Ligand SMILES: Cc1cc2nc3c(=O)[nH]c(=O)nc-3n(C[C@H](O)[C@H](O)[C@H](O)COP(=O)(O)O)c2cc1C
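Below you will find one chain, with nothing else, as structure tokens; this is the form predicted alone, and questions on how it binds or moves follow later.
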Amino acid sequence: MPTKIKKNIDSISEKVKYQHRKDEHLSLAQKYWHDGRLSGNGLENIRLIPNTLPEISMSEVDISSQLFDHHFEKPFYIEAMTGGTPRGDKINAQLAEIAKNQHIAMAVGSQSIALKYPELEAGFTKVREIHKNGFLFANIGANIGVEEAKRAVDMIDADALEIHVNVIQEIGMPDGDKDFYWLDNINEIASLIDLPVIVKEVGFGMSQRTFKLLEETAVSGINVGGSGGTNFAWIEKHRTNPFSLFLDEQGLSLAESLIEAEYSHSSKKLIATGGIQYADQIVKSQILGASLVSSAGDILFNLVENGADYVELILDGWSSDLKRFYTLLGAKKWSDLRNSELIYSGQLLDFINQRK
């Protein structure tokens, strides 16, 4: 067989494997939520102290948030999920429609597949075609170079760039990365791209050490990506590697990660994700320092199980409930939430006592 033809066949085979892996991630993520495997994101160990005399009218409440010199009408958005396969592109298009209708931001899934196979870009660019005026996050891995990062941004005319970090997931994948010299590359990208750059964990949380390392870089924000939502170590274990040494039990919860950020005295803007399903979780995350909160797994699960209209009902409910919680706490706007009182219980209180 001629060498050129063999290389073309090998390339097609690799692309098919790549796309198959992306679709496996989607199916297993859906199964993870369908089977009710959520372990809790730590926010269940936090109680809000209501303000019995809030001296406020609900009509005065403004749930909007300001971040990266952008006004976000709502403090939550659709987090990165997928793209690069027919199924993934269809889901991204549905998510873009939801984001447009709800006037919220959206992140696309990892664009690495389209950077490697440019013929797959169309599914990502479709998101911008649908959500023309929305705030979009591009998404790459921490091993992607500056020029490819710029291509990812241009692909969707992005307003910000997420760089996802996923050591635990990669270690659990037989075909995953095994070299993790990422910090200098992250700093170079953040220094050379004229957009906000956010470092995002994929569901295992961040420690004080990580926040302190990122404090010395040019990144604009950090998405703590705590455990409690979709567990990609569990996904990789069930996809390829049943003997992954309990990697799915590792990491810090969403609540623990936000507390670690506070104890590290990080000055970076914070975004919270990790099993977000309800408005009270959004409020608690904001009280703990998050400027924005994002959700992926819960939205994906309900989109597949119940359809786009049902997802929009959920998001409408979040907006209405947020106004109720703000009123209950006597907070007219996001910054007022920082004055709220909390009670910690159970395992989270023990964590706080050990990590102060």
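What we label the rigid core is the largest C-alpha set whose atoms superpose within 1.5 Å from one form to the other. Everything numeric here is computed off the predicted structure, so don't read it as measured data. Numbers follow the displayed sequence, beginning with 1.
Keep in mind that the form predicted together with the ligand is missing from the display, and what follows is about it.
- The ligand in the predicted bound form is not approached by residue 308, whose heavy atoms all lie more than 4.5 angstroms from it.
- When the ligand is considered in the predicted bound form, residue 84 lies well away from it, no heavy atom lying within 4.5 Å.
- Although the partner is absent here, residue 200 lies within 4.5 Å of the ligand in the predicted bound form, judged by heavy atoms.
- When the ligand is considered in the predicted bound form, residue 230 lines it closely, a heavy atom lying within 4.5 Å.
- Comment: 267-275 is the region of 267-275, 214-222, 188-196, 97-105 lying near the ligand in the predicted bound form, near meaning a non-hydrogen atom within 4.5 Å.
- Taken together, the three residues 22, 33 and 139 all lie with some non-hydrogen atom within 4.5 angstroms of the ligand in the predicted bound form.
- Among 300, 67, 46, 315, the residue placing a heavy atom within 4.5 Å of the ligand in the predicted bound form is 300.
- Shown here without the ligand, the chain has 79, 80, 81 in 70-105 lying with a heavy atom within 4.5 Å of that partner in the predicted bound form.
- Superposed on the core, the two forms differ at residue 37: its CA moves 2 Å or more between the shown form and the other one.
- Wider separation of the C-alpha atoms of residue 36 and residue 313, by 3 angstroms or more, is seen in the predicted bound form than in the present form.
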